[in-house]
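Listed next as structure tokens is one chain, alone, in the form predicted alone.
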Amino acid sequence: MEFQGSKDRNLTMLVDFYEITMANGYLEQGIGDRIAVFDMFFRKIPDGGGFALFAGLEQLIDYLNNLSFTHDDIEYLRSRKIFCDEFLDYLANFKFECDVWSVQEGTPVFPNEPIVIVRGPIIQAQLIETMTLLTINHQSLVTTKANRIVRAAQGRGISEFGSRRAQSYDAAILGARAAYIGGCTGTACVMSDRLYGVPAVGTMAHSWVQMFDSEYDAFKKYAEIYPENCIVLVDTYNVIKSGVPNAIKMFNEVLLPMGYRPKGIRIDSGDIAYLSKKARVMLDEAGFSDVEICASNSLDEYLIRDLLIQDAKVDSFGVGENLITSKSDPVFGGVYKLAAIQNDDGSYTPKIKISETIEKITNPHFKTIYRFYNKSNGQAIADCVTLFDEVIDDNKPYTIFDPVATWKKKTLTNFTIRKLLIPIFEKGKLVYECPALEDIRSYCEEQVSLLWDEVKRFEFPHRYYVDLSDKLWKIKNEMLSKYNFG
């Protein structure tokens, strides 16, 4: 099947069936127009990390902007013989009318705080649950993993090489976009370059080398075609005895006479630490100290970190399946829960989901998030989830407290604050302009730099504070007590 961008295909029916049965039920009960507030949030940071990164907003906007049920969609639903005609007519004339708030792409986010809020008619807010989760969960997962790998590389470039291991063509294309936001320098996926401007990179596979009578001939022919960006793959036969010597010979006999400097070599197998150190000595002794060494082959953040501890002479890395699938922890557990119902007078009735599994108890009410920053050095201190209309004055001290261990308190002074949730749609009208991908990537890098190093540890990171305002905590506690969970 040929890939189509979301603007060229209708994804409106990508829903869980219960979203449609509930929507029909809401209409039959006469409450389809009741204004509901839903939160999207997640409960656990992948890989036991200290933070996650939010991504996928642009694709969510694209989806919401193109919601419509086709004639064939309506006829399919009619064939199920369980939906009333009034509901089918409603879908045939569907017009998105919800308000949506979201954090910006590239923002560090933490468990149990709303990262997308939807407010609107319950039918509509319910129908977009699956695609909201699918879109944000996938790209946030890959962006978070990519950033871990990028940070492990300590300034060395990371290229995303995972298309052939992704769990669909959409996952490959959008995964490359997400990886770029997380700090990767490029991708092997040409479609992601074409659609989103993620720089496509790549040179040759082992099959190129095997197609010629000798390894040297393969390098020579490639250099003649692509002299300006010549990187050769040196591990088809033997890196030290064949690959690097033939590369050096080609550099001297082909590229230099043409007036070009070689760019690099790539090692795709074997002991990368050992081979890269040997190759570095050989290249330097031959006068090619400027030639870079790229390594690939089942890498992740832990192996890259170990290679650098072992003083591997690698200038850049290509990372495939472990990045594009976030193989070590492949699920970003975002959920979408009802938080409040708006009353006729404009007030809100909070709603809560209670569970004997403490982590699954939700935070009720219509909310927003404030992030506190140290005024002296700009570092992020904590997040506070508040009622939607609460105002925090950064000219006055503010006390935050752990919503579970409530005796743990801290009074903040000398801080600045920022509301993380910004308007995206107002009554179905898009009011947000998506930044360029390069700007999202730069913003992500900046925001990660504002986190304490202790939060960025790979193992046993410091827990970043996400607290509830006193008003919100009291509402939640009263509701828990009401249901005998206090």
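The first residue of the shown sequence is 1; numbering continues from there. It should be emphasised that the depicted structure is a prediction, and the values quoted were computed from it without experimental measurement.
Below: the form predicted in complex with a further copy of the same chain, not depicted.
- At a distance of at most 4.5 angstroms from a further copy of the same chain in the predicted complex, none of the three residues 182, 400 and 442 contributes a non-hydrogen atom.
- Taking the partner from the other structure, a further copy of the same chain in the predicted complex has a heavy atom within 4.5 Å of a heavy atom of residue 203.
- For the chain shown alone, residue 472 is not a contact residue for a further copy of the same chain in the predicted complex, no non-hydrogen atom being within 4.5 angstroms.
- Among residues of the shown chain, residue 383 is not one whose heavy atoms approach a further copy of the same chain to within 4.5 Å in the predicted complex.
- At the 4.5 Å threshold, heavy atoms of residue 174 reach a further copy of the same chain in the predicted complex.
- In summary, among the residues 239, 247, 118, 109, the only one with a non-hydrogen atom within 4.5 Å of a further copy of the same chain in the predicted complex is 239.
- None of 394, 253, 89, 329 but one reaches within 4.5 angstroms of a further copy of the same chain in the predicted complex through a heavy atom, and that residue is 329.
- Contact with a further copy of the same chain in the predicted complex, defined as any heavy atom within 4.5 Å, is confined among 150-158, 401-409, 182-190, 255-263 to 182-190.
- Along 300-339, these residues reach a heavy atom to within 4.5 Å of a further copy of the same chain in the predicted complex: 321, 324, 325, 327, 329, 330, 331, 332, 333, 334, 335, 337, 338.
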